[in-house]
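Coming up is one lone chain in structure tokens, specifically the form predicted alone.
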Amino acid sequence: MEQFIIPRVIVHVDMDYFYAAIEEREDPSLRGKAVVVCMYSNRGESSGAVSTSNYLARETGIRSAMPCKIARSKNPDAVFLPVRKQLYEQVSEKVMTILRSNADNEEGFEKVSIDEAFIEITESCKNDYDIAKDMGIRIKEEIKANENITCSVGIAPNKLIAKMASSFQKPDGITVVRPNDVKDFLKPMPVKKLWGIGKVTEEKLYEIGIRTVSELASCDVMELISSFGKSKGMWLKNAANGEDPTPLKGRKGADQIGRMASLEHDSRNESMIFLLLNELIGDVIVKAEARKVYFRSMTVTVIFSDFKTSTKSRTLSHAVCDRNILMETAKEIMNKFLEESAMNFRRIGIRVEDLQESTGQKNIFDF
């Protein structure tokens, strides 16, 4: 019996040489130079390891995790800088806000690391890969407009292929792999390019005569199970055929609930804006009630027609789960946005945070 796979559209966004790109942004004189960001040890700049480097540095053989001493010997003229983790985390949070705002819902966002994430846009693009590509381009533009750094984007029917696609045209690229193109996309690749295959697995596959993804896909599954065990063997067979049912690891029980959506067209029309805001608030309240939680703070996000993103937050005097209070406060914030900017609105969002478990009906004495 053939397994029925629900069609999905998954986007993987991977920032380009993230730490070094931020350093170039902060100091434009670094552009055109080999830049290496190092995690130094307590012994000073003569020790430690490379955290990341830009592409000019990589062309000279410098790689992540390489000892800084070796990196300096490969390119003495490169600019070596210490890691500024707090700065990178601040930029990452802004990038992740943009990505989260483009996901179908809160469960459709999965942060993988400080500089990469998956989002699901199946509903937003109506499972149409042409629309999905337009969304991917828009995401790249939003990040560039807001943070002045670039990213590479992969769009595919599952996480495995989306992850591999984002690396296909680095830097600043976008690769779309439609469901019918998955096998052709994988066919010519060496097995080491298959996401999830490490050095040990690669060498073991070589031992049994498998060097390409195509050869792995056509290999008898029982032979793979014999060599790798049932779980790993089945995974290798499925992955080589481009199959990956893995769901996004949305933040189950996360400390926030949010919704975001686009206006029918870029506009400052208050009726249109508040109608959509009311709809988003309704969805958030339904989710909060389903999780039996109250919220203490809230954030309204606006993405303008030039892709600039702005947020305003408000902390309430006590935790509530009340649609009227949320709507009243959100309207006040939205009116501030309308007063402060003449730009048309493109997307708006509402998020509640500082969640607290409900322990029963709250009354005035609880506050």
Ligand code: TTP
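Note that the coordinates shown come from a computational prediction; the quantities given were computed from them, not determined experimentally. The first residue of the sequence shown is number 1, and the count goes up from there.
Beyond the structure shown, there is the form predicted in complex with ligand TTP, which is absent from this document and is the topic of what follows.
In the predicted bound form, ligand TTP sits within 4.5 Å of a heavy atom belonging to Ser51. In the predicted bound form, Asp115 approaches ligand TTP with a heavy atom inside 4.5 Å.
When ligand TTP is considered in the predicted bound form, Ser64 lines it closely, a heavy atom lying within 4.5 Å. Phe18 belongs to the set of residues with a heavy atom inside 4.5 Å of ligand TTP in the predicted bound form. Taking Lys331, Arg323, Lys312, Arg58 one by one, only a single residue has any non-hydrogen atom within 4.5 Å of ligand TTP in the predicted bound form, and it is Arg58.
For the residues Lys170, Arg296, Lys94, Lys187, the 4.5 Å heavy atom test against ligand TTP in the predicted bound form is passed only by Lys170.
Exactly one of the stretches 25 to 33, 64 to 72, 331 to 339, 304 to 312 approaches ligand TTP in the predicted bound form with heavy atoms within 4.5 Å, and it is 64 to 72.
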